[in-house]
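Just the one chain here, the form predicted on its own, laid out as structure tokens.
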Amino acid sequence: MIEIRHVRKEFDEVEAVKNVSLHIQQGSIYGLLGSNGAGKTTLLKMMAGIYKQDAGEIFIGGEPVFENVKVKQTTIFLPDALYFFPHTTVQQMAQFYKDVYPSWNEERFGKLQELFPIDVHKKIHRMSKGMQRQVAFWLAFSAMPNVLILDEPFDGLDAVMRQKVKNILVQDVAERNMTVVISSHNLREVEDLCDHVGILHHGEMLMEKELDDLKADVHKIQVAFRNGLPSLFLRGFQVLFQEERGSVLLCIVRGQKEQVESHIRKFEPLIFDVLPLTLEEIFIYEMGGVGYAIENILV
């Protein structure tokens, strides 16, 4: 659905995106993660056709994106910093979306007012940040896009509204096969939604995996032995992090869970637990492997 091949973008001799390639399947929710300044927003803007890449190719549905009206009529980008025409009301912005997007659904716009209880005649610039975010989603969902690109989409929304928005996102993916790309620093919310993730760092793609596969490959273990840690205990593992707390060793290792458990049990540990890892923890340890580390985060 979305194909990015060897894309590069430079600003004032700073290479923001470096030879990035990725593939996003139709009907999936893709989480684009990365450190501050990794190039995520730049990549999203190129994906939406706002920026033109300096090198490489970007396709949506097999067609190039930049200056392609047909593609842009079915693609919506919601930026971190929202923009509406000055002094416009919700109704006026809805008319603009109706003129721009052929798939605009007036009936849905009316029904969604039950979820977004906002006066359509109120000027958007007078609304709070959270209400402006609600208006942006209201308009986007009513336009029925094939591709929805979101940059920090839940910023400003309260917990109830976040859940409402996530429910509609999941519904549209399931019922209309909509494709969603989300960049967010709130990894717990990304984890709830995404089925694929990519990690960007210093403009380069570190990895791209299904979320379930990513979780299946990294494990947090705590272990203790009767006579101290065996000398060969960690040999053969790729250890992302380790810390001794008294007689208990806490560590993050990469590998298949069955192989990790089989290897450890050979040493007859007194204590052995495999603990669940969150996407946030996986992200931290993966970034630590490229020098973007944080110490003593295990709890």
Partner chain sequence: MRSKTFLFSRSIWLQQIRNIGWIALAHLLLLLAVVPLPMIVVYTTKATNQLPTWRNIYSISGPFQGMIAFTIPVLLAIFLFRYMQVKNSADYMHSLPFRREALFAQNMVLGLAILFIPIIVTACLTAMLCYVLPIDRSILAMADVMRWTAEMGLMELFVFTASVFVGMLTGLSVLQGAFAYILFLFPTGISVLVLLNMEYMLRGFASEYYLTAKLEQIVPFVRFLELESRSLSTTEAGCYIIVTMLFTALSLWLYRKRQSEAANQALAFPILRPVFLYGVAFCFMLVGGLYFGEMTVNSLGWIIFGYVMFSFIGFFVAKMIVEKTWRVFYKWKEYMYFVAAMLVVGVIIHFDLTGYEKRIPQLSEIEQVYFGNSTARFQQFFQEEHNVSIEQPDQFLKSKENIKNVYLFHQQLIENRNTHGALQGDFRNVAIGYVLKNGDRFIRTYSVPADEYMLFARPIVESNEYKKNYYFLLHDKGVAPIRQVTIIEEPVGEKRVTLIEPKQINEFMSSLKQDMMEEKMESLVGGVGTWGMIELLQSDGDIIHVTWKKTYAHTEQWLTQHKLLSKARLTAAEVDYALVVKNKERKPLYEILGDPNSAQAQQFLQQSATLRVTNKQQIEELLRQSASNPGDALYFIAFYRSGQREPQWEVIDEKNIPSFIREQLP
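Numbering follows the first chain given and starts at 1. All values derive from a computational prediction rather than experimental measurement.
Although it is not shown, the form predicted in complex with its partner chain is what the next lines describe.
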Distance check, Y97 to its partner chain in the predicted complex, heavy atom within 4.5 Å: yes
Answer for E67 alone: is it within 4.5 Å of its partner chain in the predicted complex, judged on heavy atom distances? yes
Does R245 make contact with its partner chain in the predicted complex, using a 4.5 Å heavy atom cut-off? no
Do P86 and its partner chain come within 4.5 Å of each other in the predicted complex, heavy atoms counted? yes
Identify which of L250, V274, I50, A55 has a heavy atom within 4.5 Å of its partner chain in the predicted complex; exactly one of them does. I50
Considering its partner chain in the predicted complex, which of Q113, Q73, N105, Q132 comes within 4.5 Å of it through any heavy atom? Q73
Within 4.5 Å of its partner chain in the predicted complex, all of K9, A81 and M93 (non-hydrogen atom): yes
One stretch from 73-81, 225-233, 161-169, 190-198 that, in the predicted complex, holds residues within 4.5 Å of its partner chain by heavy atom: 73-81
